[in-house]
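First, one chain by itself in structure tokens, the form predicted on its own.
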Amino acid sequence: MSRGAPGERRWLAGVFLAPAAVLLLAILFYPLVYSLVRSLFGDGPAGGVGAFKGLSNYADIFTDDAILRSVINNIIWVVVVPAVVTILGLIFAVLTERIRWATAFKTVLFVPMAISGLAVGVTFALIYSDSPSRGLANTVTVGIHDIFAPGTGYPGEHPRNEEVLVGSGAQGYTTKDPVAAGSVVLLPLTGLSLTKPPPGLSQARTPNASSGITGVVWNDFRLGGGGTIGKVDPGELGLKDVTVQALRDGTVVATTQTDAGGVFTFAKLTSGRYQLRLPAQNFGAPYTGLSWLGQHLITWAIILAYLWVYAGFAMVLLAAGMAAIPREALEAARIDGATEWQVFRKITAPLLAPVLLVVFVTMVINVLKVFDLVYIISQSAGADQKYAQVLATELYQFYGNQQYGLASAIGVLLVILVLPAMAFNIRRFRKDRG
């Protein structure tokens, strides 16, 4: 029989622990038992207890399409997020040992942890939003896209009539009649926004005749109206960077582009007759970015926001673990000729393994019950909100709809999923204490 420390009175310890024990039973044990019992019953009127259903509520979790989608999303969260957060935290922790201003770097990365989940959710909802104005995510996406594939299309442009050009914007427009070498071809279009025209356009001009085929593509309309249809008038803008193709017997034999005044030239086509085509690429809508909160990306977009918050948390824990590694062992390995990668793989990583494991398991527990970011960001997704749901948000919705039996079943399932990770952490802490 073990004895306590000298002067220890077990009853006195019990007196001090009793209030905490009562509070723990009231706010944890009783709700858990009640939820377990309630999950075995259906719902009566106004959320009352209905008939006994046994495990039917649990079966609904894996047969109802909406709830099953939430289960799959939870699996994605558990498989992806803990591993990525741990890896990012490790990378940042290693970097902080090799850069100046390490303290400032750690502070900047840890700041998101000090921001409430509500504020983070609202901020990222605005970043991903495209209504009423483009959010930061698509502003950056479109900017990067346009660097490598600049958009020069005129999606609103179309022929003023079918006397010169025929076709459609989806297929392109072709001259109704063939043109001969030495011709000056006027290709009038209309539909340009004259209040906010694309940058770089200038007054359209009619080119002089040459031995080849030359012409102009322009917006045959000006603010205030007036002018002659089918002829270039003052105030009418040329359309620059429009691709023009010359076809013979349906085959493209030459391609060129218009200048700032809309003028194009086929200098080498000095004989024969050709049809000119403005291909569909000229009239495609400009790239507008990704649907971050759409069906296919919404879960990954929310995960990205979560990584922004918790990568700093993992970094701080791992940096503390790295600080506890004996420097003598690292220096000895370097003196023996080990590269930095070998030092990390053979010494740093094994000694840091316990901390890595704690961070990973802690993140598993956290993502299993993730709620705030998913709920807040998905509010901006409209009908696509359902594709981001996880078990915690489904529980909230069923509870709000007074479907307490199914909500209780989901709650019990979450507890069951979290228990192994919690038990592992507790066992680890006890082992570390000896």
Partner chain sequence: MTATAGSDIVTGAINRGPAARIVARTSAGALRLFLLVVALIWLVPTFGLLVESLRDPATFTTGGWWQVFTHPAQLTFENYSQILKDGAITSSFLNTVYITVPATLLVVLIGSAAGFAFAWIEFPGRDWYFLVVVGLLVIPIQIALIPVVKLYSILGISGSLVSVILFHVAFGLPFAIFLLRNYFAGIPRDLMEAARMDGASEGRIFFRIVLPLGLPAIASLGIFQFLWVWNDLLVALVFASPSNQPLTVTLANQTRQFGSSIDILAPGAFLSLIVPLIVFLAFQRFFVQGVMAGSVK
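No experiment lies behind these values; they were computed from the predicted model shown. Positions refer to the first chain, counted from 1. Superpose the two forms; the largest set of C-alphas matching within 1.5 Å is the rigid core.
There is another form of this protein, the form predicted together with its partner chain, and it is not shown here; the text below is about that form.
Quiz prompt | Sole residue of 108, 147, 285, 170 within 4.5 Å of its partner chain in the model of the complex, by heavy atom | solution = Here the answer is residue option 108.
Quiz item: Considering 208, 133, 251, 193, which brings a non-hydrogen atom within 4.5 Å of its partner chain in the model of the complex?
Solution: Contact with its partner chain in the model of the complex is made by 133 alone.
Practice problem: Find out whether any non-hydrogen atom of residue 124 is located within 4.5 angstroms of its partner chain in the model of the complex, and reply yes or no. | Solution: Yes, residue 124 sits close enough to its partner chain in the model of the complex that at least one of its heavy atoms falls within 4.5 Å.
Quiz prompt | its partner chain contact in the model of the complex: residue 47, any heavy atom under 4.5 Å | solution = The answer is yes: residue 47 has a heavy atom within 4.5 Å of its partner chain.
Quiz item: Even though its partner chain is not shown here, does residue 407 get within 4.5 Å of it in the model of the complex, heavy atoms only?
Solution: Looking in the model of the complex, residue contacts with its partner chain include residue 407, since a heavy atom lies within 4.5 Å.
Exercise. Report yes if any heavy atom of residue 42 sits within 4.5 Å of a heavy atom of its partner chain in the model of the complex; otherwise report no.
Key: The answer is no: residue 42 has no heavy atom within 4.5 Å of its partner chain.
Quiz item: Among 301-309, 177-185, 79-87, 200-208, which stretch has residues whose heavy atoms lie within 4.5 Å of its partner chain in the model of the complex?
Solution: Heavy-atom contact with the partner occurs in 301-309.
Practice problem: Check each residue of 362-376 against its partner chain in the model of the complex and list those with a heavy atom within 4.5 Å, in sequence order. | Solution: Residues within 4.5 Å: 362, 365, 366, 369, 371, 372, 375, 376.
Exercise. Note yes or no: does the Cα of residue 15 move by 2 Å or more between the shown form and the other one after the core is superposed?
Key: Shift of 2 Å or more: yes.
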